[in-house]
Ligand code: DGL
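Given next, in structure tokens, is a single chain: the form predicted on its own.
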Amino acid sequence: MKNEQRPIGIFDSGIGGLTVANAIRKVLPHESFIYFGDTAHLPYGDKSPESIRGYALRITRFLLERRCKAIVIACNTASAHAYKEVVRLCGSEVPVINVIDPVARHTAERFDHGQVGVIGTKGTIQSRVYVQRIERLNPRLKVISNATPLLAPMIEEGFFNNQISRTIIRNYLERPNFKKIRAIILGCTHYPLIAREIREITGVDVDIIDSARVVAGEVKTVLSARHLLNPSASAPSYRFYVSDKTAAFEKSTRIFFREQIKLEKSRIWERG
């Protein structure tokens, strides 16, 4: 298989990263990919940085064994704690794209001053990675962070676009420190699914930065620069692996990928 025809490797702590996979599919319709959801260890948001790095490196090896031409860390928490280690493992031949740096650059360039809000898991927010990277790129911007730990499990259970979800989202977004924000970054790959509800609460004056779309654009840019875009118009292939498979996960994939997909269980942790 030629280099450009090899698949893109994408991984997340669970199935939320399927929003990124779906965005990549739309932007790069000729590209194949292999997705790995570490459902045995979710959520990463309450795991130690050391554990997260260990999970990320093992999954990356799994994807490299399948000759993936690029690795996309479709998880904010893993991006915050394991990106450098994954880059070292992949070396110079296989590019690594995380979900934080492209969004930080996009935000720093889009807004010249003011306040920008970020919502995400406890792990992502406690790392202060968005604050540090955006404010370093643009010192005139102030980044306000709020952990929103109930949102990801709420979405996975199918509770969105209803009164329950609106109440929870409103409680988070109406905190006093978010009153003057110009934009809100969806700092978890689950959150694009509640973008409409967030818009209803924040109003049109607050921009919503969808990390899945931004990352998909970054993947296209990186592959193009490396001459790794697949020129073939043949039908792409998609494979979806999880480390723990349940009927609930199988059902939930339609929420994130917009269509039913087949999950394959990988015994990655049993191999050591």
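Heads up: residue numbers just count along the shown sequence, starting at 1. These numbers were taken from a predicted model, which means no experiment stands behind them.
Same protein, other form: the form predicted in complex with this ligand, not shown, and the subject of what follows.
**Item:** Candidate stretches 40-48, 236-244, 64-72, 215-223 - the one whose heavy atoms come within 4.5 Å of this ligand in the model of the complex
**Value:** Checking each option against the 4.5 Å cut-off leaves 40-48.
**Prompt:** Even though this ligand is not shown here, does residue 190 get within 4.5 Å of it in the model of the complex, heavy atoms only?
**Reply:** Output for residue 190 is yes: heavy atoms within 4.5 Å of this ligand.
**Message:** Is residue 147 part of the interface with this ligand in the model of the complex - any heavy atom within 4.5 Å?
**Reply:** Outside the cut-off, so no.
**Message:** Since only the chain is shown here, I'm wondering whether residue 155 would be in contact with this ligand in the model of the complex (any heavy atom pair within 4.5 Å).
**Reply:** Looking in the model of the complex, residue contacts with this ligand do not include residue 155, since no heavy atom lies within 4.5 Å.
**Request:** With heavy atoms only and a cut-off of 4.5 Å, decide whether residue 98 touches this ligand in the model of the complex.
**Result:** No.
**Request:** Between 109-146 and this ligand in the model of the complex, list the residues on our side with a heavy atom within 4.5 Å.
**Result:** Heavy-atom contacts to this ligand in the model of the complex: 121, 124.
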